[in-house]
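Take a look at this single chain in structure tokens; it is the form predicted alone.
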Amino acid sequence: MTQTLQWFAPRRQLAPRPRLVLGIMSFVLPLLIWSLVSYVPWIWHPLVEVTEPGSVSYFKAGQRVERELFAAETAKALEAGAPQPQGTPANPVYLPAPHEVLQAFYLAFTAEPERRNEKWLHESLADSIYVIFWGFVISSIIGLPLGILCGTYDVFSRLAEPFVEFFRYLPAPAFGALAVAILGIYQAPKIAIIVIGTLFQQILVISNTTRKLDPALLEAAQTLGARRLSLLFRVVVPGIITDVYKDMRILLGWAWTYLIVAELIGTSSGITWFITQQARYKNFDNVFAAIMIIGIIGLSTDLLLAWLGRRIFPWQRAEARA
């Protein structure tokens, strides 16, 4: 009992085993709810999937109809002594069961697309990853150094941050038409939207992290004779690098949130086009599969970056154990 109560102690880190169990449960619980809604008829299932149309002329096998309509047609057929329709409880087509999504996930990589204008899922993913990669790289090349300068020197802060504060409230999609006019219809305007959507947030986040550096470190360095660039590169940057690395991991997630909007601009490509095409033909199992692969790639990337961070900054592990 005492050990369980320790789980709720403020700011106390759990032991490795409970952390692992709870981490797994964070995925198991939503999957369990999804499975219950999908497979247990009396939990939701507002529709009926027709298996035998009976005497109802407009019913077809596999068609999903409202329960009330199915009950009314069944009552009419019973009253008329005609063959009754048969059906099973079903959810709307936009909520496929887990096994259907798993099957669609497999087929999206192994089965050739049904239509000539469609791409394989891995091809669409490659287009999206290209946009994300270059959008975030360009954003970081500008935003990372500018954020550090704004957080270190008030002159840069006063010069840049008022405009950045103004610009970050402007929705990135509003620049879509302008980006296409300037950069063409292919990948460049999509990359530009990722840059616009993440750059200004990045500057503010990095500058705020830089300001959290202990002032005593700067004072000690200045006392020992550190000047300007030496102070910046030997004190400020090493002092904030681990926190900035964590910020960049979070900011990369923001780039993924702008992807759907960015890929609606210019030519039809990427995972957004795949999702739109599959939704148009009501292949919602493929839609769920594509959405989940975005989450899987994002989470895998974050875990990889976290692992690299522990190798690049080994003193973080010592601080965590302490």
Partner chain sequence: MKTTFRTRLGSLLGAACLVLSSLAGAEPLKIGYSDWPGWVAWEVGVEKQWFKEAGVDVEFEWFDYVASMDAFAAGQLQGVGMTNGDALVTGATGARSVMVLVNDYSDGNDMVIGGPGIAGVKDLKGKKIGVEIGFVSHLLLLDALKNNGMTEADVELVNVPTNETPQVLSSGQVDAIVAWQPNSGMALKLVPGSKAIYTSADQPGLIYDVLAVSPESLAANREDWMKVLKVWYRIVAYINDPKTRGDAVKIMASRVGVPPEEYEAFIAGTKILTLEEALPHMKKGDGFKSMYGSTQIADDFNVANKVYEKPQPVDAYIDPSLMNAL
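Numbering follows the first chain given and starts at 1. Each form is matched to the other, and the largest set of C-alpha atoms that superpose within 1.5 Å is called the rigid core. Just so it is clear, the model here is predicted, and its values are computed rather than measured.
What comes next is about the form predicted together with its partner chain, which is not displayed.
Listed stretches are 292-300, 252-260, 279-287, 32-40; the contact stretch with its partner chain in the model of the complex is 279-287, by a heavy atom cutoff of 4.5 Å. In the model of the complex, its partner chain sits within 4.5 Å of a heavy atom belonging to residue 115. Although the partner is absent here, residue 102 sits far enough away that none of its heavy atoms falls within 4.5 Å of its partner chain in the model of the complex.
By the criterion of a heavy atom within 4.5 Å, residue 268 is counted among the residues contacting its partner chain in the model of the complex.
Its partner chain is not drawn, but in the model of the complex it has a heavy atom within 4.5 Å of residue 63. Relative to its partner chain in the model of the complex, residues 22, 24 and 28 are all farther than 4.5 Å at every heavy atom. In summary, among the residues 95, 138, 185, 82, the only one with a non-hydrogen atom within 4.5 Å of its partner chain in the model of the complex is 185.
Between the options 72, 155, 111, 174, the residue in contact with its partner chain in the model of the complex by a heavy atom within 4.5 angstroms is 174. Core-superposed comparison between this form and the one not shown: the Cα of residue 281 travels 2 Å or more. Shown in the overlay between this form and the one not shown, fitted on the rigid core, is a CA shift at residue 38 smaller than 2 Å. The two forms, fitted on the rigid core, differ between this form and the one not shown by less than 2 Å at the CA of residue 161.
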